[in-house]
Every structure is written in C-alpha cells, then in structure tokens.
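What follows is one chain in structure tokens, specifically the form predicted on its own.
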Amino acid sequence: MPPFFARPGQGQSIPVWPVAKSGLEAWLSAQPDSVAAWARASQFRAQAGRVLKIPAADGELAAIAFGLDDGDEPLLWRALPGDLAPGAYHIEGALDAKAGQLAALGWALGCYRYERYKKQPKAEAWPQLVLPDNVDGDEASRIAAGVFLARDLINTPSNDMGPQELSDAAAALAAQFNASLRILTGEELLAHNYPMIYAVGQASARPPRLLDLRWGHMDAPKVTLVGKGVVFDSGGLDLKPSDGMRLMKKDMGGAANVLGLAHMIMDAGLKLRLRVLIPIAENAVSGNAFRPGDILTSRKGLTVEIGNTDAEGRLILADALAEASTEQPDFLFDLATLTGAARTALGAEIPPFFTPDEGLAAELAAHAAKQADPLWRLPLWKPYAKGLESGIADLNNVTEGGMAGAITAALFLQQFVGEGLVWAHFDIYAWNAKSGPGQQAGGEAMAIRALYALLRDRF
C-alpha cells in the first residue's frame, strides 16, 4: 500500500487551495493578477473535482486549485492524487477536524489502483498529503487499508478467487493480527451440521467452506460479523442469463467487506471480542446440484423449500447466522450482495440495511452521515413474511412474484437470528458501476466505514 501522507517539516510542499463555487470570486480576487487570469483562461469555475494546476514564472508547478462544489461531496479529495505528480502537497486554509479527516481519507482512497493483471502497471510512486495537525493519519490509513482489502478481493476474478484463495486471504489477515482461524471444508460441513452451506456448494469442483475467525479478549463484548462468500454465482439450475452472470465474481462482496472491516477493528485494537463467520460456496451446475423443489434442513432445524436456486446466498447465510446466534453476541452484523431488488429500490450507491432495533438504526444512520458512507434503512415489514410460507416445509427461500425482494430476503434471514439479538443486515452492491473522479469502476467497500465508526465509538 502506498504511503499516502507526509509529515510536516519533511521538505517543501505545494499548496492546494480548496475552492467552492460560492467562494470562487473571493478567491480570484485574493490571487495575483497572473493567477486569476490563468484560472479564467482555463475556465476554472470550481467545478466539483476540477483540478487547476497553476504554473510558476519558471514553468514549474506553483500551486493547485481544487473545486469542491461547496463541500457537498466530502470525500471528493479522492479525485486529486490521480491528477498529480509524485511529491508533497498541503492544504491551504483551515479545515475543521471532521473535514480534515475526511479530506485525508479521500486522498488515501484516491490512491487505489487494481493492476494485478496489467502487463505494465503504473508507477508505484504517489503524491503525498502533508497532514494538518488535527488529522489522524494512522486512522485514515487504517480505514483505507480495510477498503483496499475489500476492493482487491472483489476485483479478483473467480478463477483466482475461489474458496481456497478466499480462505488464504482470511488466513493472512488472521496471521497479521494473531487471530485464530478454523476452516471446515466439504463434507466436514455435514459432519458439523452446516447442511445448507454444503448443499449450495456441492456441485462445484471447488468444495464449500466455512471460515471462523476469532480475535480479542474472551471477556470483552462480543461482535460477530457474517459475510456472504459466494465466489461465483451461475444461478445454479435456475441459470442466470449471461448479462446477469457477468459480474458474479463480486458475489463474495459481503465476505470481502467483513474482512476489510475486521482489518480496521483489529488494527485499531478495539476492546471487543471479534468473530467473523464466512460461508463460502460456488453456486455451480452439475449432476449433483441442488434443485428447485428440493427441501433442505438448516442448521437451526427449520426446513427450507427451494423455490429458486439463484436465491442461494440467504441459504448459506442462514446456517452461519444460526451458529453466530449461539454465542449471543452483543452485536451481530451480516453483509451480503443479496438481491437485485435492493438495487432497484436504492440504486448502486446506497445500500439498504435492516434491523428491528430502533436505537441501532439511529446510530447507523448518524455514523453513515458523518463518514460519508451512505446507508438507508428499509423496513422488516412482517406481513410480507407470509409470502415465504411453504405448503410442505417451514419456509420457502423466495416469494412468488418477486415484489419487495430485499425485504423478504431480510425477513428470511431474520428467521435464523437468535431472539432479542442486536442485529442488522446490509444488502450491499459491493461495486462501483462506473468510474468517477478518483474512483475506479469495480469492487467497492460499502457500509464498513460506518460500521467501524460505530464500533470505534462504542469500544
């Protein structure tokens, strides 16, 4: 990971002027005539993310003007590093602690590149931001490292990110922070009563797994994270069309995100007992694939009729949530690329979350806003649970008609969460659909910065 920041006093640095549209004329008036003329000739209007390089008399770079569009996008600083040559830069003018912290984080996030398969990757050297006194560079770097881990795992294609490789990533993280890791593989899942994880992954040549990572003091408050790890989703026998299958390497985005969050938690040394459960499977097609109409018995003992084999993520999560509930954690969070309905409702950039706990919902909304990590609560509307009824089993894994699909998926998961637990489910996209200023199309961390801030404040 590149060094994002420089310390004050490490040499000369180039000033960066943050300029909002509302303050553009005042800024121009305060500049030398040559600078103001250059800005006007360059049609610099403080457009969001616009970078204006201001030359010195000798042609060298003297300063940068950066359009912030009145601060509507606090992480827009990520647009800068990709446009700048290596060297040190500092922000001119005072930023309050919150704005400065988000500026530093945005700068770090803008230094991400995924170039594993490029024959000629770009140079490793990056511009560095001289940190203002009120900014914690270690914290910004810690969060960026967790985000980068999630992005790297999601961006890796399924041929190089199967159950073994995802297990290896978890093992590397466990080794880094002296955590324990237990892995159940293949028929071990049946022997230890994880039948739905096994059923979803049994058709693949790469057997399913359950990862169980533990870290922290035994007597600390318990926080358990569950992440969906479907390393590729063909849809099973209810096969997806080709356009629906194209991005299914990202169907382990929940697993990638909980590993990124675990990195933040362990690196910060939060005073909690962390458990991470990741059910891993490849939803493939072969002669022993599970079928529409099959009835599976879950770890909890509830029977599930398979209405659609392409609703497999909730099946593996159900077994993991049932296990997570046995320890009665103080917080239980699951993250999953679960439904297209969530994208229909809120688009690619705003993940919905579900929780029956009003206090937790308010905390999550507050931290999401502070961290510029958008979340939106959708209801666990109990009347819709009737659609999950089966005539011959305890539950069906889908409803007829597909309406309110994100809600009914969350209601399905709730059946496997222990009574009275503080639980939230996040239906994330884990993907940037298009590139933008300082942001590549591809894998993305979602919800974990808000969750980390909540846990950091608690512990």
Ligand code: BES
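Throughout, we count residues from 1 along the sequence that is shown. Please read these numbers as outputs of a predicted model, since none were measured by experiment.
Beyond the structure shown, there is the form predicted together with the ligand, which is absent from this document and is the topic of what follows.
In short, of 95-103, 350-358, 160-168, 334-342 it is 334-342 that has heavy atoms within 4.5 Å of the ligand in the predicted complex.
Residues 212, 299 and 322 are none of them found to lie within 4.5 Å of the ligand in the predicted complex, as judged by heavy atom distances. With the partner omitted from this view, the residue of 311, 274, 80, 149 that lies near the ligand in the predicted complex is 311 [heavy atom within 4.5 Å]. Although the partner is absent here, residue 250 is a contact residue: one of its heavy atoms lies within 4.5 angstroms of the ligand in the predicted complex. Remark: residue 398 counts among the residues lining the ligand in the predicted complex, judged by a heavy atom distance of 4.5 Å or less.
The shortest heavy atom separation between residue 240 and the ligand in the predicted complex is within 4.5 Å. The ligand in the predicted complex comes within 4.5 Å of a heavy atom belonging to residue 233. No residues of 279-294 lie near the ligand in the predicted complex, the criterion being any heavy atom within 4.5 Å.
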